[in-house]
Structures are given as structure tokens and as C-alpha cells.
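First, one chain by itself: the form predicted alone, in C-alpha cells.
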């Protein structure tokens, strides 16, 4: 077994090296990508045990601990804020609660931060695709104050503006306006982090969301009115940020008003043969989730993790399978993504979880596997550095160990599927790609890793299959 494991690790090492070279050589062939809809400012603070305990004791430890067991999922008091942070630490899970109180928003600002970064799925992907991969990238910004604009790196990153009646594409730093600062306060903690008697089982983060625009999937005028011209300028599009939609808003609008505009955009993209990927973040509202599943057939591709996949399978109607997906074993996950493809007809499903990635496609191509490997390297680089600044950072991730635990899954897949070779499984009318990922044991940051994975895999696969 040991010898077999070494051989398998050596094989994957070679596949990783080849995938990196293939992806890097192909990416310059991508002529343009559109990213919508959520961009904001990420304020990063690395939690300090003594500081956190002091602040909690000042407001009353008992009241804060009550929130851990009875979560509000919104923040209108300091008890809610710190109760949410402690719950996230206790469970080792990423959580995001909306900040309703202006007083708490002032407190968060005064508490300070260690780093400022561009945030939102669209914003994070823009700095990666435009700033690192140098792909011409058009990104939607609900608001563009100077604090946010300065967080965009140099490179072919563009936002639409009107000069007179003419639509122009300029770098965000050339389109600054005195607009609202949309801030997400992100509190990071490492595996083993302990506060009082609570210890984190794994690294993760708690997000206090003080952003009223992305919470409504606000689309600015230049983007709405110029969308047809934008669609003509790109080959690919990645859509995200719809997970926050609510059934009703106080002004009388509903989630349907937003989704009607999204569907109109998708119709335009499909008319110009733009391939589109939907990043399916967890959507709490069941009705909105049903509607999002309903528009999946308009997309080329969808990306999700086990929580998001289980939430979709539950809607489709197989609650037993949904529970098995959450338990993390590979075969129920394969059954679930096949079910999702059956139900929606979507041609590409990218599943990512801790330790391995899968991609189910209606077509056969080694580039599907290579794209997953390249995405794994990008994710490892992001975890190591906190922020990828150049392509060499991704090359450095080749030195990160490949996850040996995922090799057990690989062996199980080999026993189940006769047509299995180098991570590719021929399923007659479909192909399943499986890759063990690179694991960074002590990541500097976890924010944006999922966005890095999905965008890198989608973009690099298209580039390699195009070249």
C-alpha cells in the first residue's frame, strides 16, 4: 500500500506540473470575461484571543453565549456580533450575518482591521483574472468609492461608464465617485484557535456584512443600459451574488424583479455565444433557491460545494441523498451531481470540497481534469499568500503536498468504474473528472478561496480547449 501510495502521488505530481504549464500557456487566448454582480470592500481582521475575551467580558459573557445556541443570523447588538463570531469558531464554519444597526457599524469601523482587500465574488475574481492572469475583465461595481477603487490592482480590469451617450470601459480607478462604501468585516481564525473554552475544529471566518447594495443585488445604470455592448466584448461570463435575494423588500420589489434582469442578461449572453458559469453560494431562502435552480439551464456551467449541492438536492426532492451528500462520501456526491445534470440539462458541474474536486461534463476532455488541477494550485497559492499577486505564486504551490486522504477515494472510484484513468472516468454519455487537491495546513486566509477555485477552473478549461 505504501509503495502504491508513493506511485500515485508521483503520478499526480507529474499531472500537476503538466496542467500548470498547459493552463498558463493557454490563458492568454481568452479574449474577455464578464464578472457580475457583487463587488465590495473586505476588511480583514485576524482574531486575537485576549482582545476578543476582553470585549466579550465588557458586554457580558453570559448574554453573548446565549446567542451561540440561539443564533439570530443578523446583527443589531454587540451580543449578536460576538455571539455570531463565537458560534463560527465553535463549529469551524464560515458564517455571514447582516449588520442592521448603524451603531454596530461604527463600532466595527473603530475596532479596526489588519488588511483591506477588494471583496465580493466578482471583485475578488476581477483582481485574479485581470490582475494576475491578465485577461481583459469587465466587472460590475454597485458602488465605486475611492476606498474600493484603489483596491483594484493594475491590469486590464474595466468598469462601464457613460461619456455623454457613449459607453466607455475604464479601469475602476478612473471611474471613482462619491458613493457608499460597501464593507464586509471579516474575522479570521486558525484551526485550534481558542477563546474561553471554545476551540475551532478548523480554520474559517465570520463575516459581519454592512453592505446595503449587494444585499439587494443592485445593478448600476451603466451596466443595465450598456449590457448588450458589454456582452459583445467577452467570451466568458461568471455570475455570482444572487444568494442574498429575499422574497420581498420594503419598497415593494421582489426577488423576481432581480431575476428577470438576470435572465435578460443570460439571454443576451447566449445570443452572442458567451459561455456562462454560475457560482452557486448557499441560498437560505427556499423559494429563491428553487428559482435559481430553475434558471440553471440558461448557464453553461455551475460551481458548488457539498452544502450548496445538498440544498439543491433537497429542493429536487431527494432528502435522503441530500443528507448523504453532507456526510461527505464521494459516491452520494457523484449521484447528486448526476441528478442535478439530469434535472437541469446543464453541461458542466464543478464540485469542490476540502481535499478533492469533481467535474461532471457532457463532453470528454483531459483539459477538464487539468483545469481542476490548475484551480487547486491557485487555491493553494491563495491560502499560502493570502493574496495572489503574480503567476509565479501559483507555480510555487507545486511544492504543497497533494492530499493523501483523497487517494482512498481514488482507489474506491477505480473499483467502481472500469473506465478510470488518470482521474478521468468515462460514464458513457458523460465524463467525470476527479483530482486530489493541494492542502495548505495553516492558511494565511480563507476568504476568496472558493472564488479562486471556480473561476480558475472555468477560465483555464475554456482556454485550453480553445487553444
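Numbering follows the first chain given and starts at 1. Source: prediction; values computed, not measured.
There is another form of the same protein, the form predicted together with a small molecule; it is not shown, and what comes next is about it.
K.L.:
Please pick, from 187, 82, 357, 158, the one residue with any non-hydrogen atom lying within 4.5 angstroms of the small molecule in the predicted complex.
P.N.:
The residue in contact is 357.
K.L.:
Only one of 262, 292, 200, 383 comes within 4.5 Å of the small molecule in the predicted complex by heavy atoms, so just point that one out.
P.N.:
Comparing distances to the small molecule in the predicted complex, the residue within 4.5 Å is 383.
K.L.:
Name the stretch: of 108 to 116, 314 to 322, 347 to 355, 220 to 228, exactly one has residues whose heavy atoms fall within 4.5 Å of the small molecule in the predicted complex.
P.N.:
Of the options, only 347 to 355 has residues within 4.5 Å of the partner.
K.L.:
Do residue 449 and the small molecule come within 4.5 Å of each other in the predicted complex, heavy atoms counted?
P.N.:
Answer yes; at least one heavy atom of residue 449 falls within 4.5 Å of the small molecule in the predicted complex.
K.L.:
My question is simply whether residue 216 lines the interface with the small molecule in the predicted complex - judged by any non-hydrogen atom within 4.5 Å.
P.N.:
Outside the cut-off, so no.
K.L.:
Please tell me whether any heavy atom belonging to residue 440 falls inside 4.5 Å of a heavy atom of the small molecule, as the geometry stands in the predicted complex.
P.N.:
Residue 440: contacts the small molecule in the predicted complex.
K.L.:
I'd like to know whether residue 205 contacts the small molecule in the predicted complex, with contact meaning heavy atoms within 4.5 angstroms.
P.N.:
Residue 205 belongs to the contact set for the small molecule.
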